[in-house]
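Okay, so here's just one chain, in structure tokens, the form predicted alone.
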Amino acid sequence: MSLPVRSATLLALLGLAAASLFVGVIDMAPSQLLRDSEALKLIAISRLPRTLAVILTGASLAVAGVIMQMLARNRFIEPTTAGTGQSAALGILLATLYAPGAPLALKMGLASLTALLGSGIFLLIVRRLPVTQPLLVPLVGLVYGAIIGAGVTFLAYRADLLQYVSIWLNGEFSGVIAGRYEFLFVSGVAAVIAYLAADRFSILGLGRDASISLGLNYNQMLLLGLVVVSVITALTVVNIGMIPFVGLVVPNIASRLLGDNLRSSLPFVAASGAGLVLVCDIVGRIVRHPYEIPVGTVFGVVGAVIFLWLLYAKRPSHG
């Protein structure tokens, strides 16, 4: 990524983060921070944690999308269309039913395990699909995710937890305050691990035979990729809820602009994911002020439009 593009992306992200601090139910000007202790308290308890949560969620979901596409060797899937998000919701539902008093970290661990299992089964399924029909992969992913989601809804209905489950299925940041978002930093660590192993994931995307012939430990990298995707997805579902299309549209935009060099494009992917989710969260707070539209709903509309553009726009050449 060139220096001008990198600088422009960073400045845009900082500008959006600053705007996010001053948009909300309570109107507040930046000058109030110098003379109003209540304004400082509002920033520290609510606005800053929310902004950090949005940045961590957007960046890590976009990175998880890239890794998932490398694992499945298909650009039209992401964790929420491959059953990973629904599997994480199943895990947290089972923890709620059978161990309601368990610590949140334990529930997140169970959600990560079920997400890992769900992603692994999805990859086993798509390996049996003909490589000449790439569109079958996202279609199978949608059906697979819908089946798991239906199971989650059925269990929640039987246990009278439908309202509880709806929180995980539609992401929103209105409940994020200090003390309720810090686990998301773990997903940020997972995204950093993905960056450190970016070159290996690029080789992994060439397929099993090519990866082994180039000296890569294929099974080890496959497991690392599944763990990264599962941890990020589970932490996001438990703390925020599902936000569709982030892991699908952002990696495709980055690929069109910067090519397929994962180490070069991954910082742009993370920054763009954070920026897009920030924009949608701010729009959700403004459109029906002082009420809010969940960011999952706003991004669902925006992401669908971008996805249609990606389907029909001509892919540029990068030499």
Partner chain sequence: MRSLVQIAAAAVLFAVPALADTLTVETARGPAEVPASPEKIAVFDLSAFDTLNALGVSVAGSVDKAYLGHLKDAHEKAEVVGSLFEPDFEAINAMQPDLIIVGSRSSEQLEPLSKFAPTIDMTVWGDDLLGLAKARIEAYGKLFDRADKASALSAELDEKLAKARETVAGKGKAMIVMTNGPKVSAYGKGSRFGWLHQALELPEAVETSSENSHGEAVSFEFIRDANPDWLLVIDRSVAIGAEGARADETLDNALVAETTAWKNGQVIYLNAADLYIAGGGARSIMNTLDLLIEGFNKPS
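Predicted model only: the values in this text are computed from it and were never measured. Numbering follows the first chain given and starts at 1.
Absent from the display: the form predicted together with its partner chain. The rest refers to it.
Although its partner chain is absent from this view, report whether S46 comes within 4.5 Å of it in the predicted complex, heavy atoms only. It does: once its partner chain is placed as it appears in the predicted complex, S46 has a heavy atom within 4.5 Å of it.
Partner contact for F154 in the predicted complex: its partner chain, 4.5 angstroms, heavy atom: No, F154 sits far enough from its partner chain in the predicted complex that none of its heavy atoms falls within 4.5 Å.
If you check in the predicted complex, is F183 within 4.5 Å of its partner chain, heavy atoms only? It does not: once its partner chain is placed as it appears in the predicted complex, F183 has no heavy atom within 4.5 Å of it.
Considering non-hydrogen atoms and a 4.5 Å limit, does its partner chain approach G109 in the predicted complex? No, G109 is distant from the partner.
Only one of 141-149, 214-222, 190-198, 163-171 gets a heavy atom within 4.5 Å of its partner chain in the predicted complex; which is it? It is 163-171 that comes within 4.5 Å of the partner.
Exactly one residue in L257, L33, L42, V283 has a non-hydrogen atom within 4.5 Å of its partner chain in the predicted complex; which is it? Among L257, L33, L42, V283, a heavy atom within 4.5 Å of its partner chain in the predicted complex occurs only for L42.
Of V228, I240, A89, L248, which one comes within 4.5 Å of its partner chain in the predicted complex, counting heavy atoms only? Answer to the contact question: I240.
Do any residues of 77-109 have a non-hydrogen atom within 4.5 angstroms of its partner chain in the predicted complex? If so, which ones, in sequence order? Result: T96, P100.
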